[in-house]
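Next comes just one chain, in structure tokens: the form predicted alone.
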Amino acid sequence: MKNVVVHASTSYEVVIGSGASALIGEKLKELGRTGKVLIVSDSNVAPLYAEGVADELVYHGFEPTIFTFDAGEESKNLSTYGDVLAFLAEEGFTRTDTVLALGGGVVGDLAGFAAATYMRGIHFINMPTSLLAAIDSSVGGKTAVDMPQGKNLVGAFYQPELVLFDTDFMKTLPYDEIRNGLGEGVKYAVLEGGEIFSILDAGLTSENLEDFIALSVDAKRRIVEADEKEGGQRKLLNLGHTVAHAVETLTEFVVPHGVAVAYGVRVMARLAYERGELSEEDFYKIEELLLGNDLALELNPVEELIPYFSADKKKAGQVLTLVTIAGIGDCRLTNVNVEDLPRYFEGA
């Protein structure tokens, strides 16, 4: 197993490996937790894993309850969030109890936001079940729900107390979900270069899976520790996301997040190459990385997406902060006036 320790406003352990889910009761005991645990999951994941996690918790003296909502980004809204809060209140949960997210990024975002706001904050544990959530959204403390006007517009920074990713969960992931996680992995490969890029370039396998996840989590750890509330450096983690969020909104989330992020990285690489900011060698390395991971896609043309950029949370006033690519392992924050975006993206 691999372990990464995140030192943010609170410190917590990220455990990655086969059979990690069986450690949940033991790890909660180590944290000094007792009492009730609400397992928040979705209609895809709960039938596979919720009862097993609940059994582990019962064995260690906890009182688990399972709350399940319909799978999909469309459920990550204020209504479902309100349902979770109402359930916590009806079941008599207090500040000494725990919310446990069991699922992908939608589950983690929703459950984390509920934990952050119920009684002004109760204990929160994240057990991601998707590759995308394992390498990205489960770590760093961002929790949120969507609104019709845009993605993740209502939320809070709230760090988990523990993250457990059982790599055995990968065995039940359909190909599209693995590909979705690889889309977010491409972001880390371009941000970091080095070993992460090499692993994805060669192809993710059962032999290098733990290393890839641990390296990705560690990359995020370094950035989060330096800038937990996204005042500056943490914005680099949004590489590809301005384009991705616009694609998701325009397609009503038919295009999954990781796939949209990969397209966003492709757009930004192509833009940087056309502007003479990215070498031909690095541009084609990124193209080959996308192609090798079945992510060399053409989605919505950029001119269709630009009107949606104004809803991006990285916009301050009339200035949007873009993550631009100067080289593999060399990404930068670039401020562009909203009125200049059509000209800036010309040729992308």
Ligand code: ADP
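The shown structure was predicted, so the numbers you read here are calculated from the model rather than taken from an experiment. Each residue number is its position in the shown sequence, starting from 1.
Form predicted in complex with ligand ADP: not shown, discussed below.
- For a residue to qualify, one of its non-hydrogen atoms must sit within 4.5 Å of ligand ADP in the predicted complex; all three of Y49, G105 and S130 qualify.
- The shortest heavy atom separation between M119 and ligand ADP in the predicted complex exceeds 4.5 Å.
- Ligand ADP in the predicted complex comes within 4.5 Å of a heavy atom belonging to V45.
- Within this chain, G232 is remote from the site of ligand ADP in the predicted complex, having no heavy atom within 4.5 Å.
- By the criterion of a heavy atom within 4.5 Å, F212 is excluded from the residues contacting ligand ADP in the predicted complex.
- Listed stretches are 201-209, 106-114, 142-150, 182-190; the contact stretch with ligand ADP in the predicted complex is 106-114, by a heavy atom cutoff of 4.5 Å.
- Between the options L173, L236, A156, V255, the residue in contact with ligand ADP in the predicted complex by a heavy atom within 4.5 angstroms is L173.
- Of the candidates E277, E177, E161, D83, E177 is the one whose heavy atoms come within 4.5 Å of ligand ADP in the predicted complex; the others do not.
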